[in-house]
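Have a look below at one chain only, the form predicted on its own, in structure tokens format.
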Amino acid sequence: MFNGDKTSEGTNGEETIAAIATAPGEGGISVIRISGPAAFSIADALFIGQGAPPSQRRHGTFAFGRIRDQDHDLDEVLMLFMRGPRSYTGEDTVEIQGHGGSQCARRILRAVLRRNARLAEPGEFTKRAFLAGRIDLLQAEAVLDLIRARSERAAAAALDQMEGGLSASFAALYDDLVVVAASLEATLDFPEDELPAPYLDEIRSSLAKVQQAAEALLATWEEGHLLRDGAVAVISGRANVGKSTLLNALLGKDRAIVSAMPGTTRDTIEESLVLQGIPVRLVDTAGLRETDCEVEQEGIRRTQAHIEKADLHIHVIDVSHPLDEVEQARLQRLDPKRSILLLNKVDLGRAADLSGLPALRTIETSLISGQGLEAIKGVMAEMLAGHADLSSRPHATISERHRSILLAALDETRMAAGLLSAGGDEALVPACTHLRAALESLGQATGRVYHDELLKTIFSQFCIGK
């Protein structure tokens, strides 16, 4: 476990790393990134161009030329020069921008690796930026969030976190708790029975404010979950009620096969769309019915599993036919907080008796003609907005890792507060121990406190080259 100045731990500066930084496949350009003490000497060995060699170029400048290796020209390139500590990694860095496509980039990378560089590990460039003190762990995670963003709102929230929005909140929380912990530890120097009562009252009040700030951060988790992971909306119902028609209508394309034959959809079909800045994963499921087909039975089991985990559950019924006892019982089990009941095929008349149902959000539709489609989207967005304030400016939100850290810190502060409320000098030392544990937990959010396994867990999620 490390605590304090990250730069003292080093950044593996004795090793120079390199990787292709652009996505595989065809494109306008490809970028090969080199970082470490040998970056400029490698560039000198490979670059052919007019003017000074790369090692004599100024920070932040470009040069046009060719990459030459083993007496063969590999590509025409632009080379960007960045000198530590002003680069992304804090080290000397060279980026080679060549023509797009896998072969050009690979040939240049192989030439670089033959000259005292090794292939970078996933996320190693960003890890070095963290170890050099260029960014903290929250900002490093925001880089990955920005790359993975599936909506404009998610991208804006990630950018806010990259710029330190969440770091400032955690830093303020940590610093305030340090003050509380220091004040409490100062009480240990008082002679027994001479501790002023108002002094402990002030500590308890300050600790309560820290807890309120932590709870306010925790409240951003649901929005963060929706932006990072997306909401899961499961479409269920009996065979031939219009589930696949609904999926196709929401997507605006024919994704699922629509047929009058029962059992056409035997497994789940998943597609994505964005509703008011929130990514939504639509899951079309197998029709719920009694069947002897083992494949269809497995599809129905998967349907039930998806329904249990869904953020939104859209259940479709055909109101032109009466409901049997099985379907009535199924409707009674719908969760009003996350369920939408679609009354489809209203153009064919209404034979279904819906009396006695729980208070569900219901929408009348004729999906084959598009009637009710905008209403469905509106209700879906409205129900998702209950988990996130979509009217506010996009802002940094906590992830599952941050949530676990906050919950652990809150548990420790609550135990400390309980001991202080109970009174007695014998409670002071264990209360101090709990506050130290809370600080250690909070320190893992930004990386004030970190260990190798934590870094491995975070940066292994990155692609090679970032």
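Just count from 1 along the sequence shown to find any residue number. A quick note: this is a predicted structure, and the numbers were derived from the prediction, not measured.
In what follows, reference is made to the form predicted in complex with a further copy of the same chain, a form of this protein that is not presented.
Checking 216-224, 303-311, 79-87, 166-174 against a further copy of the same chain in the model of the complex, the stretch whose residues place heavy atoms within 4.5 Å of it is 79-87. Using a 4.5 angstroms limit between non-hydrogen atoms, Ser339 is distant from a further copy of the same chain in the model of the complex. Of the heavy atoms in Val31, some are within 4.5 Å of a further copy of the same chain in the model of the complex.
Within 4.5 Å of some heavy atom of a further copy of the same chain in the model of the complex lies at least one heavy atom of Asp75. Heavy atoms of Gln103 reach within 4.5 Å of a further copy of the same chain in the model of the complex, making it an interface residue. Screening Ile147, Ala329, Leu188, Val179 for any heavy atom within 4.5 Å of a further copy of the same chain in the model of the complex leaves a single hit, Ile147. At a distance of at most 4.5 angstroms from a further copy of the same chain in the model of the complex, all three residues Thr22, Ala155 and Arg393 contribute at least one non-hydrogen atom. Of the residues in 82-97, those that come within 4.5 Å of a further copy of the same chain in the model of the complex through at least one heavy atom are, in sequence order, Met82, Glu95, Gln97.
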